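Only one chain is given next, in structure tokens, and it is the form predicted on its own.
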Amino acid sequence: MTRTPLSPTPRSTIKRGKNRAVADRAALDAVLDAGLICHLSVVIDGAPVVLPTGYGRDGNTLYLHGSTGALSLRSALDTDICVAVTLVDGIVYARSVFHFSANYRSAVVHGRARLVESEEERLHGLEVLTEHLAPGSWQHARLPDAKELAKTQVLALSLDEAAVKIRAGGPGDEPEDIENDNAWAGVLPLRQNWQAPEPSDDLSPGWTVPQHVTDRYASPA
């Protein structure tokens, strides 16, 4: 599928730090694919609410899910919402505290979520979510039954209106602070790594860790 570059709208146009804006849609895909949790912003009873939630991306669609009784998801329908994903890559130490910063990759998506109503797409959306968080699990674990599906709501959000912002590199100190050289400056990188799998206490004897779990453990977070 051919995907056009990001075309900023008034609300997705980066105004501060424009030099960190990235218009390449592949960068949007990369941030979303690397993240695990997004923050969903909705308005409930006239007040803004921001909630962390799992998600999954399929092409130009972001899938979100939750209980049919969740007020947050019901409030996300028929109105504009915002979803954000941020990855922190390091803390930037400067010679002046004014210029301390962070290296990061972030994506912000605006739009109106669509309630997924067909059972076929609902299952597809749940598979996308599952495989994003725990690759290989859709084929390994029991799939949702009719009762569980009835309790689950799936939303689809287009990625047509989105912004990506990336900061990398060292501090942007003032020339006089660089000349004075009176404090250490640099970057403290942040890396996440999966730890060894921990079996459930009620797992029957004889189980070995499945390949799809060990593959994830061996890969970067």
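In this text, residue numbers run from 1 along the sequence as written. These figures come from a predicted structure and were not determined experimentally.
There is also a form predicted in complex with another copy of the chain; it is not shown, and the following applies to it.
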- Query: Does the 4.5 Å heavy atom contact test between D181 and another copy of the chain in the predicted complex come out positive?
  - Reply: yes
- Decide whether D29 counts as a contact residue for another copy of the chain in the predicted complex under a heavy atom distance cut-off of 4.5 Å. no
- Task: Flag D80 as yes or no: does it have a non-hydrogen atom within 4.5 angstroms of any non-hydrogen atom of another copy of the chain in the predicted complex?
- Result: yes
- Proximity of V213 to another copy of the chain in the predicted complex, heavy atoms at 4.5 Å: yes
- Go through A113, V128, V116, V108 and name the one with a heavy atom inside 4.5 Å of another copy of the chain in the predicted complex. V108
- Go through 178-192 residue by residue and record those having a heavy atom within 4.5 Å of another copy of the chain in the predicted complex; state none if no residue qualifies. I178, D181, N182, A183, W184, A185, G186, V187, L188, P189, L190, R191, Q192
